[in-house]
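Okay, here we've got a single chain as structure tokens, the form predicted alone, with questions on binding and movement later.
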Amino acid sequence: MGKLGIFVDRQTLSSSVQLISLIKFRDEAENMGHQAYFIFPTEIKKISGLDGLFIRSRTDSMNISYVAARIAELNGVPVIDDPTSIRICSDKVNMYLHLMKKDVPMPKTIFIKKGEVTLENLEEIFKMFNPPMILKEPSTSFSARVERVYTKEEFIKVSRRFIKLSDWVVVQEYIDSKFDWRIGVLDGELLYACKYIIPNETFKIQASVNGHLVYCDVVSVPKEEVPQDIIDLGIRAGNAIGNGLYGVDIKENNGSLYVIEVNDNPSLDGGEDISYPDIYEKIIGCIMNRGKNTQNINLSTK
């Protein structure tokens, strides 16, 4: 038994559903015999005294959540998500390069940088990709700064807007589908599976349409109803990043599978756990057992 911290940031709590999920996680940790604490950014110094840390705040390398993960790592406190996973997944270029290195099937993808958005280069790009194509700003999350373009004029307009925020733009083949598989992976094993049903008004799981936010429906799918090749690909994609907690988005199209991206710190409050009531228990067990293993290694080397 030990002390488990749940790192949260009030500024990124956007709904009562998220708060309920956090309370469920804390309650489950206490039911397992651990002391569980919410750790806020002003209490970040407390991390060094914990036996495990679970980050439930928006993660990228420019956020306080990354600082929390690094403090945990430097003090030997097991943490999900770990700093390496945050660095990789918060930069789409880095994330896709990791998938490419492991030959994970994904849409045709290239990266263009500042100065390369020219009419001459667009001629080659439009020969390589059949419109429409997807443009992504590398630090995007929750489908923000992800656009579908059909023409060279749209391409130039969107890419120049993205380049104001990043040195690179991700250009991807558009894969049509009515839903995305979301495969939750923890420590190289299946944690949960669900479908994100894409709203009719958009091609993304979340978008602003006529000034209103529209969200995907979440359909939890029991393990026995998930095709094995979907599970295997989700685990393979997660392993290409590390051994943490990941949400892998997969599309099916004409009999082929494509990993759209790998998300660290995936959502667990949208109904993903309906068919997997042991999600929280497994995450807590993974974090706290890593702490025990570290202690055993330290003792054996003395």
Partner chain sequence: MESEDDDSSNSCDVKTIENFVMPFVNFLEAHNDTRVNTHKKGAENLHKKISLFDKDITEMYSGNNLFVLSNEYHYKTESYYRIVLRENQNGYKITPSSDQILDAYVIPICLTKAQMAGIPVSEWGISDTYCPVPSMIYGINYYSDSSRYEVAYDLETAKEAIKKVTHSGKYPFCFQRLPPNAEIKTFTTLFGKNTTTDPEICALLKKIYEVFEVPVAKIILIYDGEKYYLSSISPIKRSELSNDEKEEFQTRVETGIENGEIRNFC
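Source: prediction; values computed, not measured. Positions refer to the first chain, counted from 1.
The discussion below concerns the form predicted together with the partner chain, not included here.
Across the options 23-31, 263-271, 229-237, 37-45, residues that bring heavy atoms within 4.5 Å of the partner chain in the predicted complex belong to 37-45.
The contact residue chosen from K101, K178, K223, R160 relative to the partner chain in the predicted complex is K101, the criterion being a non-hydrogen atom within 4.5 angstroms. Among the residues W168, Y174, Y215, F203, the one placing a heavy atom within 4.5 Å of the partner chain in the predicted complex is W168. Contact annotation for P138: at least one heavy atom lies within 4.5 Å of the partner chain in the predicted complex. Though the partner is left out of this view, S90 does reach within 4.5 Å of the partner chain in the predicted complex, counting heavy atoms only. Within 4.5 Å of some heavy atom of the partner chain in the predicted complex lies at least one heavy atom of Q11.
When contacts are judged by a 4.5 Å heavy atom cut-off, S275 does not count as touching the partner chain in the predicted complex. Contacts with the partner chain in the predicted complex, taken as any heavy atom within 4.5 Å, map within 66-98 to Y66, V67, R70, I71, L74, N75, R87, S90, D91, V93, N94, L97, H98.
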